[in-house]
Each structure stands twice: as structure tokens, then as C-alpha cells.
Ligand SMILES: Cc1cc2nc3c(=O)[nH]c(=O)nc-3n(C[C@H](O)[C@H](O)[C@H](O)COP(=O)(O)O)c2cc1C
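The chain that follows stands alone, in the form predicted on its own, written as C-alpha cells.
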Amino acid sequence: MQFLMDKYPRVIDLLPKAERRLPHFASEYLFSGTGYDNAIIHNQSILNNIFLTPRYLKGNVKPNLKTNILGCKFNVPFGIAPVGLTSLIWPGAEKYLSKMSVKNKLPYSLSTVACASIEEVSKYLDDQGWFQLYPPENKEIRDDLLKRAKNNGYKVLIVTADIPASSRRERLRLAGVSVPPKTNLRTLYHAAICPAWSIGTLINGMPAFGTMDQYSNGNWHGNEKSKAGFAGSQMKRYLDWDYLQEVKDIWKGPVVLKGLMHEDDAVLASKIVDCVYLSNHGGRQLDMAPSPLQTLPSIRKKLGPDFPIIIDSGFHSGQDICKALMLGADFVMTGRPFFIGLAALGEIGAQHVHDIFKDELLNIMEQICAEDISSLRKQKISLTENFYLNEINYN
């Protein structure tokens, strides 16, 4: 809508309103990382040190944003990254994001530890959803999760690798984040001063782990129960190359491995999965990790021009997305901006963030006369000395 674009032309323009409408515990979950938040800060710093040197006198073009990846056709080269505790951040988020993704034909990735279940969210996805798996050590639970996702029409499986241990996430401890939210005076106060969030929670129900809760009660027939608690089901997680091969064999469809940043891991993964997904978990797991953009050029060189690469972590604008595409990514996933939109504007906020990204990308491509996404890789990139690409040692 034009009036929204005039009032909030960038995602950062939505931020003050989003912060006012989010309870403290929800805001801390959305915006915090781990440790000292260095990885979050570094993600943005790297993006700020990438520039495009344009070439002109090429006439005018009408850019085409359509993108094919993993046998899927999308209208834009970006999608919604998997995010846990989604309805804790904003009530009904899974439903709103799913409906928007189908309307605009971009992928929505449901997290294992989202608040709505595989089955519930599938009602809105029109068999276009992607499912993200936190790999359980208990293979009975793993196999049941894969069966449920496949039976409910999810097309692409994302296996997350960068969670061998839970991160400390100190700010969340200080904020008392839990699912369901604690019923103490502090939590009730923070909810009470954010009526839009509280009313939405009353309408949509208290946040829970919709997909995982059934494995934590006495009805599950497996040998090991998961324990409900912070960061979703606190199931034991496990992943190695043999486990990954088992998942690939069971799924019998496109499998993406998420959380890689080392070029040797990317090469090994390319022999098993259909796509690698570069990520530092949005700065939430290892505060010492580099930005995945720093590793993208070397991984693209190792994998060659045709192997699919997805990237996330720190992308908050169409400019950011464009930079990743120019450096060799095929597709960009982003999470926090869509939740900023939901928090600021409710359901229409997700659509507005999509529109901002799309408008920014189209404008950049018009400015540099790039006809399609593939032509962005041909642009001349300038990296400042702060990019630190050559300082990363893979030995």
C-alpha cells in the first residue's frame, strides 16, 4: 500500500513502533544474539563494507526478479528463514507469514521449534512450505518429524547443523524468556503494557511448541522424551555425515544443509545434499563466528557456479539481499525483518516488509540496468579493507 511505503519506506522505519508494541521478553528474544552480540554487530558491519561500482550507458531495463531453486519457482530471490518461538514474538506469526508467502510466491520455512505445529501451518501453505529440522538424537522422533512434514506437503527439508550445543543467550536468561511465558509479576507487567501483543495472544492462544509438545508427554511411544523448556524442545540434538545421509535417504526430496561456513564442510555437504545454506544462526549460536558473507566467495569458488547456495544472517534490506546475490548466493533468507513488520503493523506488516525488499531490489536493478538475478553476479563489487576476507584462515 502506497501510504505505508510513504510512512515506512525502510524496515528500520518500522523498528521504533515494533519495539514499543513488543513485550520486553519477546523483544529480547527477537533482537538478541549470544555472548556480547558481536556476531550480530559483525554481520551488519560486513554488509556495510560491500559496495557496487555501477556501469552506465546501457539503456533501460525492466528487471525480472523470478528465481528457480531446488525445483521451485519463486517471484523473488528471498524467503522467510526458519525462526523458533515464532508466536512468542508475535501471536499468530506462523499463520500470517504462511499466507503472505503463498500470496507472493516465496518460501516460508517452518522451524521444528515454532509455536504452531507442522499440521496447523500446512493449512495455509498450499503444499509450498519448507520444513527446518533440528536433528534429534532419538531417531524415532526424527523419522516421525520427517513423516509428518512429508505427509503435510512440505517440499524442501532444511537440516540445521550449527546447533551441536545450546548457546548461552545471556540476554534471554536476564529477560526470563520461556515458553509458555512465565506467569510472574514481571512478565504480566510487560504483557499488560503491550495490549496489541496481549490481545493477539488471547485470540491465538498461549505460545507452545506445537510440533514438539507431543514428544514430551506420556503419549509418545519412543524410548526418550524431549523436555519442554527454553529454546523449544530441549531434546538431545545430534548430526554427523552418516546421520545426514540417513535423512537424505528418508526424505526423498530436496535437502538443504543449514549453518555451514567452512569451505571444506560445504564441499563434503555438496556430495550428499542438494543445497548448502550459509549461516551463523543470525548471531545466536557462536559469538566468535564470522559473517557468512565472508565465506561465501571462497565457497562459491569451491562449489563452482551451478551448485545452489542459500545464505542468511543479518539481511535487513533489499540492498543487503542484492549484495549477497552479487557475491555468489542464489537465494537469501531473512527472519527478523518480517517479525519487525508483524510487531509494528500486525498481519499487514509481513506484506509490507516483502514489498520494501522487492521495491528496493527492483530499484537497484533498474539503476544498474540488470535484467535478472543472474546478471547481478556480473557486477563489479568493491570491498573495503574492513571486509576481512583475506584474514580468515581455514587451516
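One-based numbering along the sequence shown. Note that the structure is predicted; figures quoted are calculated from it, not measured.
Below, we refer to the form predicted together with the named molecule, which is not included among the displayed structures.
Student: Given that the partner is absent here, state which listed stretch (145-153, 118-126, 196-204, 275-283) has heavy atoms within 4.5 Å of the named molecule in the predicted complex.
Tutor: It is the stretch 275-283.
Student: Which one of A269, L157, L106, I89 is close to the named molecule in the predicted complex, taking close to mean a heavy atom within 4.5 Å?
Tutor: Comparing distances to the named molecule in the predicted complex, the residue within 4.5 Å is I89.
Student: Quick one: of L296, V113, L239, V177, which gets a non-hydrogen atom within 4.5 angstroms of the named molecule in the predicted complex?
Tutor: Comparing distances to the named molecule in the predicted complex, the residue within 4.5 Å is V113.
Student: Mark L70 yes when one of its heavy atoms lies within 4.5 Å of a heavy atom of the named molecule in the predicted complex, and no otherwise.
Tutor: Residue-level check for L70: no, no contact with the named molecule.
Student: Is there a heavy atom of D320 lying 4.5 Å or less from a heavy atom of the named molecule in the predicted complex?
Tutor: No, no contact at 4.5 Å.
Student: At the 4.5 Å heavy atom threshold, is F74 in contact with the named molecule in the predicted complex?
Tutor: No - in the predicted complex, heavy atoms of F74 and the named molecule never come within 4.5 Å of each other.
Student: Against the named molecule in the predicted complex, would F331 count as a contact residue? Criterion: heavy atoms within 4.5 Å.
Tutor: Residue-level check for F331: no, no contact with the named molecule.
Student: What residues in 118-152 sit within 4.5 Å of the named molecule in the predicted complex, counting heavy atoms only?
Tutor: Read in sequence order, the residues that approach the named molecule (within 4.5 Å, in the predicted complex) are Q132, Y134.
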